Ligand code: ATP
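Shown here is one chain on its own, the form predicted alone, set out as structure tokens.
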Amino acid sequence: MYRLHEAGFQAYLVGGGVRDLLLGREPKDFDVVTDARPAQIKELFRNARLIGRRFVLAHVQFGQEVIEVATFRGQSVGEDNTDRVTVDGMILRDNVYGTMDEDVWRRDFTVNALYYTIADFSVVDYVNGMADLKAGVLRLIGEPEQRYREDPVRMLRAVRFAAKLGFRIDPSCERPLLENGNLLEAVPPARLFEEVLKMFLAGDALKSFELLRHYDLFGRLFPSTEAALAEEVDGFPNLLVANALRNTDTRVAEDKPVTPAFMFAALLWPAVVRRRLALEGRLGAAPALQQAATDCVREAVERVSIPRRFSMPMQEIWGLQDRFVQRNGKRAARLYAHPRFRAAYDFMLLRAEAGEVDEDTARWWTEYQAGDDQVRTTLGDAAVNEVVGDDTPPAQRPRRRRRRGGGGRGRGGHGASAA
């Protein structure tokens, strides 16, 4: 900011960095806005690179820190606006430069439109963002439905900020959330994938999930999972998803690693189970699971563009689940030696918490993986002549209600080997 200022340009800290500092939170990143054009920013900073097509931005890197520097944006409406806006009002291209007075009206929520300047160390507030910040209210700048139509991802951002900040969404901005979820179908899957990661891997996953379902938006991202959740039996599969997201939030709070593969495996498993049941009569248990996994991943990729580096471990985790009922010595040893065992074991414990796996099976494997070679040999030998589990599809087995909670995850907790 000082370098831009000394070069004769305006420079403001804006967005979440200002909002979080005013709330007493530690910002995750910092965004700077200026009247300098991207090429001028690059000339000033040798450590800058220009990125983006829809928005051309400069990323200025200082060590491990990346500061995003954007040029003030102008109004998107005008005589030549027809090639940048769809019939539904969604903005496709948006590289109109403008002034600070114009830039503020282009931002989404009032609490994200506060500008801090080093010129006199003040916060500039055009839209009563400070009042909304103090009141704990999320309010869109401008007419809500139009703003959602311009960029439907704003609906997901509303949910994410409400979950993250504990703010309530203003009623005028809340009603269109329930009426315009279909607009997300026009958003590129890659953008939805990035937004899903922000919602579910930042420490507020469970709140985000509950709000997405409240506003009928979760089904726009994961339609097959939503259909499975609507068929809840004794807490499954809702309890499994809730526990997975709760445990993810706990790990983020404890600064432990979390893996998208494990998170997506939990989000999609209800859909896999439901699809498997529909296929088992025709294909048999193992082929039905494989086909169900393939079908559900394909659908999810079409909606949220899950990369193969995550979808492949997901399918491995799912594919190992049936093997946990096979506890005799050799089979148990082979499963334990599998590279994806740790993630699959953590996932099996999640299923046990939700009542989908017998508690004895979960207990046996907890003792097996925690013990030394002698303990594992003894357990495996004892299971050789034991009839373990049954062939009844998981979702058809009788279940007892389980106490809600996130305990009993073993040592790993989030599929440490899933990445």
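Everything numeric in this text was worked out from a predicted model, so none of it was measured. One-based numbering along the sequence shown.
One more form of this protein, predicted in complex with the named molecule, exists but is not displayed; see below.
The named molecule in the model of the complex comes within 4.5 Å of a heavy atom belonging to Asp151. For the chain shown alone, Gln291 is not a contact residue for the named molecule in the model of the complex, no non-hydrogen atom being within 4.5 angstroms. At a distance threshold of 4.5 angstroms between non-hydrogen atoms, Asp358 is out of contact with the named molecule in the model of the complex. Put simply, Lys28 is close to the named molecule in the model of the complex: some heavy atom of it is within 4.5 Å. The partner is absent here, but in the model of the complex a heavy atom of Arg106, alone among Arg251, Arg106, Arg342, Arg331, sits within 4.5 Å of the named molecule. For the candidate set Phe161, Phe193, Tyr116, Tyr126, a heavy atom within 4.5 Å of the named molecule in the model of the complex is found for exactly one residue, namely Phe161. Stretch-level contact check against the named molecule in the model of the complex with heavy atoms at 4.5 Å: of 319 to 327, 208 to 216, 262 to 270, 161 to 169, the positive one is 161 to 169.
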